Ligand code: GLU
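Starting off, we have a lone chain in the form predicted on its own, written out as structure tokens.
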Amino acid sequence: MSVTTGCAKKEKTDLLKEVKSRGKIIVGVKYDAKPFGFIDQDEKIKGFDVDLCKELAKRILGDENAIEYQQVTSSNRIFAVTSGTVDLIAATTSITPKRAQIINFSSPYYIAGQAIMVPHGSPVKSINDLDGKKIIVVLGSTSEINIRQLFPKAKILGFRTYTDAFSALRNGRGDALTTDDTIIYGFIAENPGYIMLKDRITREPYGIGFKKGQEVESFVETVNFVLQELQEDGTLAMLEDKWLGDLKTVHGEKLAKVKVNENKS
């Protein structure tokens, strides 16, 4: 008589089937990254990424409210999706080769650029003035990696949230803050004492992130199909205009995106 020991390996469930059976998508979004993901005055989660996820839910499950939101930050969003805490992350996540080794990405849904924010009257007039300065970053972001590589003589001050990073700039703890221009647009809209330099350090294509594995492939393919639909029917353009149209106008001037470097990290 033979005896089998050990536990049988549990088969991984196809994520698309699991989502449809569950009747909702569990998404990781930022709560402090206006205008992409933020808690508004009515205490509801809103933003570009939030509306994008509603479109995914509507077109995959037939109900834009078939979503459970989980808060993520730049430093924990990758773990949130690799650990299975969320089905996907829509959290201003730039597609990079390094991240693509850890998670799967959808096709890009928005192209941002890393920019610099300084107070009015700052001696920092261009990115060439940053060497040797105190630069504030959000930990776990591509902005942190890029700025360390480009300005090794700069003193880097890192914070876990955008709110804490901006508070540090406002309190004079640093000379400049660097993050994606999309985030800076939101800060400037509510804090007119600050400006964004016209230079862009990198090109940052945002993608939706998923854990790796065959069980996720059909879900990724479905999301990419929906993103293509959103591109073709003008929905992505509508979302950009809704959440970024007014913010891109600073002091009556459209800020052009100037690609300085391709993001290689």
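Counting begins at 1, following the sequence as shown. Remember, it's a predicted structure, so these values are computed and weren't measured experimentally.
Below, we turn to the form predicted together with glutamic acid, even though it does not appear here.
**Q** Taking the partner as it appears in the model of the complex, which of 169-177, 186-194, 116-124, 90-98 has residues with heavy atoms within 4.5 Å of glutamic acid?
**A** In the other structure, the partner sits against 90-98.
**Q** Contact with glutamic acid in the model of the complex for Tyr206, defined as at least one heavy atom pair within 4.5 Å: yes or no?
**A** Answer yes; at least one heavy atom of Tyr206 falls within 4.5 Å of glutamic acid in the model of the complex.
**Q** Would Lys30 sit within 4.5 Å of glutamic acid in the model of the complex, counting heavy atoms only?
**A** Lys30: yes, in contact with glutamic acid in the model of the complex.
**Q** According to a 4.5 angstroms non-hydrogen atom cut-off, is Pro108 in contact with glutamic acid in the model of the complex?
**A** No.
**Q** Even though glutamic acid is not shown here, does Gly140 get within 4.5 Å of it in the model of the complex, heavy atoms only?
**A** Looking in the model of the complex, residue contacts with glutamic acid include Gly140, since a heavy atom lies within 4.5 Å.
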